[in-house]
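Have a look below at one chain only, the form predicted alone, in structure tokens format.
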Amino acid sequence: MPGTTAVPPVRYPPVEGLRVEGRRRDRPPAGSSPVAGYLFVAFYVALLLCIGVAPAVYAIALALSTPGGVGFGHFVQTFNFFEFAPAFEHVFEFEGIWLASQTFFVVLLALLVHTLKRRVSSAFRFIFYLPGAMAGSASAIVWLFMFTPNTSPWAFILHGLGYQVLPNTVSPGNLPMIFAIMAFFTGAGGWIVIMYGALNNIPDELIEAAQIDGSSPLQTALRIKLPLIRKWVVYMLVLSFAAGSQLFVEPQILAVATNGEVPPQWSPNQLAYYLAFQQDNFNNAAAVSVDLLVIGLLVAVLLVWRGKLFSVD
């Protein structure tokens, strides 16, 4: 414009170490090396091959081995056992109760702790993890006392339900619920810690933006936090189903404590153990184990596919 003086642009000298937005940094940090990462992965792969893949391959070979060569005879034999169908029904009923309750309460408690994290101390959060530090056998013995009406701190509830002695409490109809309670208190704490860590990865700016827009804590939890930890929930379901299908210690200990009130073939793992070490039939035991492996893999593939676990958002 007439009467104005153009001001030349000011040029600042470049500053060493200043990060330029939009510039992609392809070089790794100085002093870093991928060798350590490869070593960690190699150690894991070696363990996986030794204690995971090799036993599975051996079990498959045993299950398919027949006097005439290779066949499915052992699978047919075990499928015709009268204990086979009830054992798998028991485990599926247990898994349904356990996974449904664990998913609901773990996610609920993790969201609650994350919402109140400024009011909840780290020591309180650590308490959630303590039950998970117990071994399965130790947890089963603790719950053995909890379910015994004469020694349980909840004796008034057990007596109110008509249970006077331990065999009444662990009657066959109650076993799926009992094992689900034991599994929940053993494993839920660790998953609460994991879900809490996943929630901490959500950017604070996203939560603050939702609050500025008038989102209530419940709306923020359901519409923002929960979708962002969906993959962690799927991951929990995959691992929990695999662990639950291997149910063995708890029914085995209860069977001993109740003098046979719990059948020795209550779960598929117990059935495989019975066939191998009571009937001396390792081929049929391997067939039951392979059945569990196939079911676990199918459920894992279904959950990973439907939950889009490895999809990139």
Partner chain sequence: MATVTYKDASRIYPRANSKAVNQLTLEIRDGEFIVLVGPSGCGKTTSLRMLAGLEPVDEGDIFIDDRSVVRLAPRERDIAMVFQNYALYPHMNVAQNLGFALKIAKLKKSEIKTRVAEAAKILDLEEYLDRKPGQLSGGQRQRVAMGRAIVRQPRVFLMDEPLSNLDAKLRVATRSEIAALQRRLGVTTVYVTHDQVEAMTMGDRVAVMKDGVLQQVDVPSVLYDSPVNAFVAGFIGSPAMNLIEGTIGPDGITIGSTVVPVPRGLQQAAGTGKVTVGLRPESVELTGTTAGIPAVVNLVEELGAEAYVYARLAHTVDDTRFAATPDFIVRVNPKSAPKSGSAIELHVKPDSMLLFDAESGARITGA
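Owing to the predicted nature of the structure, the values given are computational and were not obtained by experimental measurement. Positions refer to the first chain, counted from 1.
Beyond what is shown, the protein has a form predicted in complex with its partner chain; the following relates to that form.
Just one listed stretch, out of 76 to 84, 213 to 221, 168 to 176, 89 to 97, contacts its partner chain in the predicted complex at the 4.5 Å heavy atom level, and that stretch is 213 to 221. Proximity of P227 to its partner chain in the predicted complex falls within the 4.5 Å heavy atom cutoff.
At least one heavy atom of L206 is located within 4.5 Å of its partner chain in the predicted complex.
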